[in-house]
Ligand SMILES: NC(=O)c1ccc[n+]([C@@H]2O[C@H](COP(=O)([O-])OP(=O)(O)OC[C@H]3O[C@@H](n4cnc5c(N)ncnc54)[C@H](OP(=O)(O)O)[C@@H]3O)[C@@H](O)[C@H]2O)c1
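The chain below stands alone and is given in C-alpha cells; this is the form predicted alone.
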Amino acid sequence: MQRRSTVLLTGGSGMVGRNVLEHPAATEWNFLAPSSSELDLTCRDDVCRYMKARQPDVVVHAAGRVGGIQANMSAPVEFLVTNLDINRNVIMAAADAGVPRLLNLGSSCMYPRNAANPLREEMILSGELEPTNEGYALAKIVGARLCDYLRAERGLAYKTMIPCNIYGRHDKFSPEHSHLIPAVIHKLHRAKVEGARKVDVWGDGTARREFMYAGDLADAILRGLARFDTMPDTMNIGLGFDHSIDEYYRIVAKVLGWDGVFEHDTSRPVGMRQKLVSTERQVEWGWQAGTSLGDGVRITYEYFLSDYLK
C-alpha cells in the first residue's frame, strides 16, 4: 500500500482547519493538526523542533489571529505582531526543515483599499491598505512575500491562496470577534428570541462583500494538495460575485424567519466599499465554489444552534 503523504495543518482548531479535516477528501492524507496547547506557533524554537521531528511532506498554513472590524481596530498591535510571528515561524521552519511544499492562506484584505474591483493578484502592494484591518493585512502580505522569496531563492514550492471572506461551521459568533455573516446570525437570532422588531446595521447597507462558505474553501485547499503542481503560485479563491450588506441581512433574516426592520447607523465604520476578488486564475485552474449563500447560511445557523449555543 502506498504511504499517504503527511500534511501539517496549522490552525487545525480554527474554522478553516476544522472544515478541512471534516471534508471527505481529508481521508486521503495523513493530517497532523496540533492544537495551540500542543504547539505554540508564536514560539520559533518550538515550531522548528516540531517541523524537524515530524518532517511533513507539505504544510497547509491556515493559522492566525483573526477577527472582524471591531477586533482589528481595538488591538492593531496584537493583530500585526502575532500574525507576523506566526507566519515567519511556520514558513521559515518549514523551509529550514526542507519541507518541499507549503500552501499559505492569505486574505483579501491584502489588497489596496482603493483598487478597482475585481481584485487581481498582481494588485497586491500597489496602493494604501484599508486602515480598519491594516495590521492583519501587513502580516498576511509579509507571509505571502516570504513564500515568493523562498520559491525564487531556494526553489521551494511555496504558494499562496487568497480566499475572499469566509463563513460557516466552527465560525466565531461573538460580536467582538466575528465577521459579518456570523455577527448577523447572532444579532438576528437574539432579536428573534427577544421579540425585537428593529435591528441596527453598521453603515448605509450599500457596501459590498464576497462571502464564501468555509466548506468550499476546504474543498479548494484539498484540491490544491492533490494538484499542487498545476496550482498558480498566487491565486484568489472566491465566488466571482458579491452582495450588499443589506442583502446579507435580508438573506439571514429569511433563513432565521425574522421579519423585523433594519435601521442604518451611518456613524459606524464599514471598511472598504467593495472587496470582490478576481477568479480568473481559479477558473483557469478548474475550480468553482458549490454552496449557495442560502444553503451556507442555513448550515451555519444549524451549527450555531446545535454547537455554539449548547
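Don't overthink the numbering: it's just position in the shown sequence, from 1. What we label the rigid core is the largest C-alpha set whose atoms superpose within 1.5 Å from one form to the other. Here the structure is a predicted model, which means the values were calculated and not measured.
As for the form predicted in complex with the named molecule, it is not shown, yet the points below apply to it.
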| property | result |
| --- | --- |
| In the model of the complex, the residue from 272, 276, 63, 59 that sits within 4.5 Å of the named molecule by heavy atoms | 63 |
| 245, 39, 252, 51 - the one with a heavy atom within 4.5 Å of the named molecule in the model of the complex | 39 |
| is_contact(residue 88, the named molecule) in the model of the complex, heavy atom dist at most 4.5 Å | no |
| Any non-hydrogen atom of residue 172 within 4.5 angstroms of the named molecule in the model of the complex | yes |
| Residue 166, heavy atom within 4.5 angstroms of the named molecule in the model of the complex | yes |
| 4.5 Å heavy atom contact, residue 107 to the named molecule in the model of the complex | yes |
| Proximity to the named molecule in the model of the complex (heavy atom, within 4.5 Å), stretch among 197 to 205, 99 to 107, 180 to 188, 118 to 126 | 99 to 107 |
| Flag for residue 78, CA shift 2 Å or larger between the shown form and the other one after aligning core | yes |
